[in-house]
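Heads up, the chain below is alone and in the form predicted on its own; it's given as structure tokens.
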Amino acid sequence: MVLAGALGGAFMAATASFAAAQTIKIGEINSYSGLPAFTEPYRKGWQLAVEEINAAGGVLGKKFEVVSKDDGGKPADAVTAANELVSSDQVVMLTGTFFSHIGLAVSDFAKQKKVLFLAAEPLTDAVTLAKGHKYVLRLRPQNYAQAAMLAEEAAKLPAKKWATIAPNYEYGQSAVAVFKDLLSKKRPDIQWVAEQWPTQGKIEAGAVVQAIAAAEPEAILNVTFGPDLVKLVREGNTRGLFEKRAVVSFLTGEPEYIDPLKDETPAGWIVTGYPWYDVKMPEHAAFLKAYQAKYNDYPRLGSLVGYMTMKSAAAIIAKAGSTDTDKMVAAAKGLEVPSPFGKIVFRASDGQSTLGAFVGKTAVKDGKGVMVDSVYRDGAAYMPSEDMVKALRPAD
């Protein structure tokens, strides 16, 4: 009986070891409980990608598996999750994160542990510039690119007096700084007359609106999103803050953020976003069909980001022909990946992908907030220059 039990245990251990050898594990970390409006569609997106990857034979002939953890919106919890994924779950790569300060924390962990980290969403420029290193890549267009897209349109406005409203953490601070720099270079006549820095998730919209109105700006840059954006729009509409004032706004055209505004959506804001209902690209049509077939719902931008995160991770491993970190790092340089917006490339110099964004204006249609007059801007045309990368990014 003892011998039989020992043999049975050995067989089970061997079976488990064989199964592990036939599986490639990817670690994924995100703020699922902190911002479900973005992260739940994001999860659906990467789950669809995993399904498609395995239906096509997996990666390197092995099953592609994602081990996912919730960071609760806390950098320390994200680092703990990263450590568990690497040491206990034996993942070959880390992916994900939403908030910029959390992305930077996981990136620092990846640098210390020499593990590849594909940042999905964090937008601060520091991820690939000031705090960049060879073990970090980023999928979404960073603040610099989105600011450049918006500044291009903002420079055409007659407004000279500008105010800014942004959440007081890494993402908001970075977005305001780069937008002000880019727009001021295009329009030296502009004056910055007021700034408001509400705590993320805790905006006191009445006080913010009152302070901005008192400065009498001719235009406003908004960087708030989620529930804070809803409160700001509602209070601003009530007090007439947006009447006869131009507003330029990061991310507001994304379904995650414009949908909750419903018929309160202010008309005419210049925004970046994702008008899934008005994208004419054939690659997007295929993604939309597959997503709707699986979930009976329309995609949000998070859906596309999650989808492309895992497609990119699989492409890195396939090109490397291995899960060895150094080989994956080398393979990621200049990697081309098909996407619902056409081919994207991970730039060799900083690991930033050329994924772009749509720029358009807000409007209300059938009682819902939508983007109109939207045009896709290829990220490659708006990224920091190679000279900027050399100047700002530490040498590997």
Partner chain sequence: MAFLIVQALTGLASAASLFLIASGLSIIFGVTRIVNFAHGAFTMIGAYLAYSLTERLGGAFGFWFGLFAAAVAVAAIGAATEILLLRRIYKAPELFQLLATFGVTLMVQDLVILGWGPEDLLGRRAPGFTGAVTILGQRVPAYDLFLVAAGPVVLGGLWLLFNRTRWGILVRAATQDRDMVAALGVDQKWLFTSVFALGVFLAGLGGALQIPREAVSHSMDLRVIVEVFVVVVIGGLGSVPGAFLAAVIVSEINAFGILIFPKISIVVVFLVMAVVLVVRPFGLFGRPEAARRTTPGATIRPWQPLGSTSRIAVALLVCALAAAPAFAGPYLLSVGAEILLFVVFAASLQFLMSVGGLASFGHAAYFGLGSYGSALAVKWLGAPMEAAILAGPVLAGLGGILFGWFCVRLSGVYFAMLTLAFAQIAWSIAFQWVAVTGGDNGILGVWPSAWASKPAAFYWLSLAVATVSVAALRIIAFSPFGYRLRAVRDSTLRAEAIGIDRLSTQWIAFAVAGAVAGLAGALYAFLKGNVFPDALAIPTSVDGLVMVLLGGLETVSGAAIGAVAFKALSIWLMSQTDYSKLVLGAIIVVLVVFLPKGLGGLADLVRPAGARRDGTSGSSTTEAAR
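Remember, it's a predicted structure, so these values are computed and weren't measured experimentally. Residue numbers count along the first chain shown, from 1.
If you look for the form predicted in complex with the partner chain, you will not find it shown, but the lines that follow are about it.
Contact here is defined as any heavy atom lying within 4.5 Å of the partner chain in the predicted complex, and by that definition each of Glu204, Ala214 and Gly240 is a contact residue. Residue Val79 is the only one of Ala177, Leu157, Val79, Leu288 with a heavy atom lying within 4.5 Å of the partner chain in the predicted complex. None of Asp181, Asp278, Glu153, Glu84 but one reaches within 4.5 angstroms of the partner chain in the predicted complex through a heavy atom, and that residue is Glu84. Put simply, Arg234 is close to the partner chain in the predicted complex: some heavy atom of it is within 4.5 Å. Using a 4.5 Å cutoff between non-hydrogen atoms, Glu40 counts as a contact of the partner chain in the predicted complex. Heavy atoms of Thr124 reach within 4.5 Å of the partner chain in the predicted complex, making it an interface residue.
Heavy atoms of Ser88 reach within 4.5 Å of the partner chain in the predicted complex, making it an interface residue. Residues placing heavy atoms within 4.5 Å of the partner chain in the predicted complex fall in a single listed stretch, namely 260 to 268, out of 181 to 189, 304 to 312, 246 to 254, 260 to 268. For the partner-free chain shown, Ser100, His101, Leu104, Ala105, Asp108, Phe109, Gln112 of 95 to 116 come within 4.5 angstroms of the partner chain in the predicted complex, judged by any non-hydrogen atom.
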